[in-house]
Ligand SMILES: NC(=O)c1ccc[n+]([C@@H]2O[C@H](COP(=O)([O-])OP(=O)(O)OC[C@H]3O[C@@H](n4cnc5c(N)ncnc54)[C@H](OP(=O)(O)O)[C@@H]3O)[C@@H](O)[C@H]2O)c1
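One chain comes next, on its own, written as structure tokens: the form predicted on its own.
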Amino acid sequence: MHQVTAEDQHEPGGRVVWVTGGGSGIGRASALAAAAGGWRVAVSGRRPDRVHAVAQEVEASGAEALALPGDVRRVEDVTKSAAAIERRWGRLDGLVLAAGTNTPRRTWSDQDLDELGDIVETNLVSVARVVQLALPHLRSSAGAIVVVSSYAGWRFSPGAGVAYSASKTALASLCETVNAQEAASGVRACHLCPGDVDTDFLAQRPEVPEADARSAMLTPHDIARAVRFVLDSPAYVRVDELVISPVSQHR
């Protein structure tokens, strides 16, 4: 991979960010925010039509884009995506890990263990998989990682569910281990914990919020501004954790 220089760190047009879960919601907004900041953006997601649509939006904004349809739960898909980024740009400077899932069945009395395994695989194991694959390249660029976690990953939230709460809480430890072990190489990880955000993800709640409730929530663009702040921070700055919630939110 390209070895970072002092000039590269101050040359926005040269930087590359890989956004997982980039086909909608926070991932899409983060891809567009990064593009507005001059980043070249690789967009991953399970739905090819949405991934290509977001890549087209990035290109329409004047930035370079690479559409990478695939499932972060599949090792072969993640490996192919990383190889495609290497072929296209030969470097990687940032990761935004926004892929996630939940279920309406959130209690010990109604949960399905296969479903629990899928949630943990998507929200935790897949994050570790992408980070591990990307780390050699991020060491070369002193890169930044933004792990899109949840308010439930910062503070216990009774309604979030067994599997979701466990998987998101574990992301805090994942980020801490990156920061503890990779500081010498300049790699930085941020545990980003959004509160209620008005996205399609709300459809996975046992009771889907009505329009009035959604109007008081954060927007994906609110979170994307924070993502770009972390990505654009100087190489000597590490943002360990960010919690962002709407004023109206209660535990």
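Quick note: we count residues from 1 along the sequence shown, nothing fancier. Values in this document were obtained by computation on a predicted structure and should not be read as measured data.
What comes next is about the form predicted in complex with the ligand, which is not displayed.
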Worksheet, complete the sentence: Checking 53, 216, 202, 36 against the ligand in the model of the complex, the residue with a non-hydrogen atom inside 4.5 angstroms turns out to be 202
Item to complete: Give a yes or no on whether each residue among 21, 71 and 197 has a heavy atom within 4.5 Å of the ligand in the model of the complex.
Response: yes
Discussion item. Looking at 88 to 96, 132 to 140, 104 to 112, 71 to 79, which stretch has residues with any non-hydrogen atom within 4.5 Å of the ligand in the model of the complex?
Written reply: 71 to 79
Discussion item. I'd like to check something about residue 26: if you look in the model of the complex, is any of its heavy atoms closer than or equal to 4.5 Å to a heavy atom of the ligand?
Written reply: yes
Worksheet item: If you check in the model of the complex, is residue 40 within 4.5 Å of the ligand, heavy atoms only?
Response: no
Worksheet item: Though only this chain appears here, would residue 161 touch the ligand in the model of the complex if you measure heavy atom gaps against 4.5 Å?
Response: no
Worksheet item: Is there any non-hydrogen atom of residue 122 lying within 4.5 Å of the ligand in the model of the complex?
Response: yes
Practice prompt. Taking the ligand as it sits in the model of the complex, which residues of 36 to 53 have a non-hydrogen atom within 4.5 Å of it? Please list them.
Written response: 45, 46, 47
